[in-house]
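Below you will find one chain, with nothing else, as structure tokens; this is the form predicted alone, and questions on how it binds or moves follow later.
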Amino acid sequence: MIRLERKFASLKENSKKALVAYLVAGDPDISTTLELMHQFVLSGVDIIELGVPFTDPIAEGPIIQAAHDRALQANTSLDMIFSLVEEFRSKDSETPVILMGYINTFLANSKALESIHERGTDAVLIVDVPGESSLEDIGIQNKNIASISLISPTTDNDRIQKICMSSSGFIYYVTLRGVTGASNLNEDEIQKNILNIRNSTNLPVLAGFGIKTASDARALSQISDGVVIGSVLVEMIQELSEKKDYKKIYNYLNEISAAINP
């Protein structure tokens, strides 16, 4: 959590916006995920969000669902992901890493989660847990990791206040009504809702879901503290995995980074 706080403090001091990049751990394999993580950082990524593969990822669109399936077929486990982050830390001690997944996986490994900060993980985002709930509420005892929550366009003000009170790290504002990979961003609505969230918290508010182009990223970075890129990266990883030549992804991330921090 300290690593995450340090990152946001540095970005704020330098008047920069955060670029968060999502990929599914183990897609196409763990060694490639490690390579991608390091190259993401070199391409301008500030925070890495690792998807923990799950059999029924209900918040995901077809692109990320398929990646979860591929990672599970490759026998990717949560313990393998803990080890992956630990290996990442042998070369990168500063880039925050978030594990994003679903409650069944985390509850089944609640004991191991008590020490994941010692292995390099900074935060968790548990998609299918109400944002008002703390990690302790669901039986995860670790005050050294941040608990990141989602707020959507349909979240009412009472819940927004409760979610902000129980969250740490940052608030993930879901820019769309729907699943990951959807389109049709409404910038006016997003700006209004993010301003409303800021009335309830001093945490950074990042925008994610549906951000695909540099233009999208630039526009949303102007009304948030940063952007989360997911489905488009996962789709490119799948397209390029046969040859394992991911330069197109790194060029894309460089373009997004330049767009949000001109």
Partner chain sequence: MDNLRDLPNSDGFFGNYGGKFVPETLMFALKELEDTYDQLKSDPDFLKQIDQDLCHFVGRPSPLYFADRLTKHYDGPNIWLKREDLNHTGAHKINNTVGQILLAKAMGKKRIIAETGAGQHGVATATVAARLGLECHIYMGAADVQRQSLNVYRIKLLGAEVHAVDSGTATLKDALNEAMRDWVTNIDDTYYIIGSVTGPHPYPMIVRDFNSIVGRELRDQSIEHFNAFPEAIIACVGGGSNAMGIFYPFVSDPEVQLIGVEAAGSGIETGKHAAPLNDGHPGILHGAKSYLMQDENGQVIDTHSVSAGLDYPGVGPEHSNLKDSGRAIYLAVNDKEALDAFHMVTRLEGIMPALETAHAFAALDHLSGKFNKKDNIVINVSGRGDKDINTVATMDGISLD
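Treat the numbers as computed from the prediction; the structure is a model and nothing was measured. Numbering follows the first chain given and starts at 1.
One more form of this protein, predicted together with the partner chain, exists but is not displayed; see below.
Contact check for residue 195: no non-hydrogen atom falls within 4.5 Å of the partner chain in the predicted bound form. When contacts are judged by a 4.5 Å heavy atom cut-off, residue 112 does not count as touching the partner chain in the predicted bound form. With a 4.5 Å cutoff on heavy atoms, residue 103 counts as touching the partner chain in the predicted bound form.
For the chain shown alone, residue 26 is not a contact residue for the partner chain in the predicted bound form, no non-hydrogen atom being within 4.5 angstroms. Though the partner chain is absent from this view, in the predicted bound form it lies within 4.5 Å of a heavy atom of just one residue from 129, 190, 135, 123, which is 129. Taking a 4.5 Å heavy atom cutoff to the partner chain in the predicted bound form, the contact residue among 77, 144, 166, 186 is 77. Shown without its partner, the chain has 53, 54, 55, 56, 57, 58, 59, 60, 65 in segment 32-66 as residues with a non-hydrogen atom within 4.5 angstroms of the partner chain in the predicted bound form.
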